[in-house]
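Given as structure tokens, the chain that follows is alone and in the form predicted alone.
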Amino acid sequence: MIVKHNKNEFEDYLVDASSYEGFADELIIPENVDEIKQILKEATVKSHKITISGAGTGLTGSRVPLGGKILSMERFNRILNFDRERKTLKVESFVRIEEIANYLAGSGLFYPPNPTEKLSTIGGNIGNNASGARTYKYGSTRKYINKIDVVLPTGESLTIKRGEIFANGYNFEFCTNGGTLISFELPKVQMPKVKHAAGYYIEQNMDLIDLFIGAEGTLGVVTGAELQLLDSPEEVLGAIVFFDSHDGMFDFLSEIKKTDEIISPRLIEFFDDNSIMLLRGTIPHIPKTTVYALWIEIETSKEKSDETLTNLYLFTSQFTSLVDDTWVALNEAEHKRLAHFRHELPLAVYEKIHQYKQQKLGTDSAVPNEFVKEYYEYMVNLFKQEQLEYVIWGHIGNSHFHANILTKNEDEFRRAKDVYVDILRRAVSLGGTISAEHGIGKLKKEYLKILYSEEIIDGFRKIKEAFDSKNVLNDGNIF
């Protein structure tokens, strides 16, 4: 176990990718599960605050400490077992998504969740039920977690296998590995029927493992997990399709979701007109009349790749006159070119934020598919009405937008916050969520009240209390 008290030695652990900053008295780097048990047991006895620290790629301040001690999981970075027959991979919690992809390369299997941030870890992904572009076809992290190993705030351990421990209606009762009985009642909440990562996952007769996935480290420390893998597709056709009209793009989006037998994408990513304008600075050859762009990937085979490409062109030609300008990828180098198009955008936005010296405001909201066009137009009208600079991109296949508001001064920032709240309220009124993939953390907990009543949030607190009666673990996350 490594312990550091000199704050100059752990400054990097006091922030995350949101630039939210915290403070702490001590950094602890355990090297095995027994040390974590000892740390948490002592913390509970002495009521010391412990904040779990992962890779720091989060955008909600979840790993940022507000006092107490930092528990870094960085030594839990081993891939433990690859079972090709069962198509599973056992890893420790600090193994990064990029490392998993590299390890599985050439194996014929892959791990479907693909968060944009490839340096994020499995522990962090479990903490906020991370997703990504391929969620459109494959779903989020939750679907691919077979088992987790957890150390509870009391220092006791819990091994949770999917399909073994279920709620009786809305009531849980089970024992830790050491035999301690834990029981509590779930709040009776109707979660949004969209891609969703705000607050605890609640469902009648639910599996216990799903409560921990998306709990943002508030119930226990995940030390390892068994991941479910799938067979790799034989070929993947990638394309960036350019649209020269607003209605054309939304009509395309509506129709492609109805015609899975012709074109069945695994991802559909959106770039608005302001995104295109920013990207022109670093990426040439974007068609001049482009209004919007979509990045699409379609799984196919070597035999059918030409047919798949033809079908895509014929289908696309109904909705844009720029079909001949479509960028296509069939090999690794070409796929990297399309991924570069997507990854350059956040960098360009961060440069703007740095230039304006204001805090970024970015939505993570999603709505039911039937409202995607209405919701997008609502956001744009608000931004234009308030004369705010904005850039919108995101996982439009799941009707999930990242609307980034770029403010130049305090007055704009104040108005932008009001607009931000209005946008979240609109999402909820349409049956959507305030957070589809990034979670709540510390930065967005004030907005949880837009989605849930105080009674429901109090129900979340009672779940937390059942595992962590002294509130020592990840204090400040979610509520």
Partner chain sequence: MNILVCVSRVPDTATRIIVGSDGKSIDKNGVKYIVNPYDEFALEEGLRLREKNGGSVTAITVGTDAATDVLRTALAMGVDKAILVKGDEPTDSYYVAYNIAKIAKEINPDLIILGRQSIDFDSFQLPSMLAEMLGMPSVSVVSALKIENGQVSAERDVEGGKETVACSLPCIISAQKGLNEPRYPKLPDIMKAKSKPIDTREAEKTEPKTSIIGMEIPSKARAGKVLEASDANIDEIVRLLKEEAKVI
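These numbers were taken from a predicted model, which means no experiment stands behind them. Residue numbers count along the first chain shown, from 1.
Keep in mind that the form predicted together with its partner chain is missing from the display, and what follows is about it.
A.B. asks: Kindly indicate whether 305, 325 and 336 are, all three, within 4.5 angstroms of its partner chain in the predicted bound form, using heavy atoms.
C.D. replies: The answer is yes: all three residues contact the partner (heavy atom, 4.5 Å cut-off).
A.B. asks: Although its partner chain is absent from this view, report whether residue 313 comes within 4.5 Å of it in the predicted bound form, heavy atoms only.
C.D. replies: Result yes; residue 313 sits at the interface with its partner chain in the predicted bound form.
A.B. asks: Would residue 105 show up as a contact with its partner chain in the predicted bound form if we use heavy atoms at 4.5 Å?
C.D. replies: It does: once its partner chain is placed as it appears in the predicted bound form, residue 105 has a heavy atom within 4.5 Å of it.
A.B. asks: Answer for residue 331 alone: is it within 4.5 Å of its partner chain in the predicted bound form, judged on heavy atom distances?
C.D. replies: Yes - in the predicted bound form, heavy atoms of residue 331 and its partner chain come within 4.5 Å of each other.
A.B. asks: If you check in the predicted bound form, is residue 182 within 4.5 Å of its partner chain, heavy atoms only?
C.D. replies: Residue 182: no contact with its partner chain in the predicted bound form.
A.B. asks: Heavy atom within 4.5 Å of its partner chain in the predicted bound form: which of 247, 389, 234, 374?
C.D. replies: Exactly one residue meets the criterion: 234.
A.B. asks: Considering its partner chain in the predicted bound form, which of 309, 268, 353, 379 comes within 4.5 Å of it through any heavy atom?
C.D. replies: It is 309 that has a heavy atom within 4.5 Å of the partner.
A.B. asks: Of 283-291, 199-207, 359-367, 128-136, which is the one stretch near its partner chain in the predicted bound form, taking non-hydrogen atoms within 4.5 angstroms as near?
C.D. replies: This holds for exactly one stretch, 283-291.
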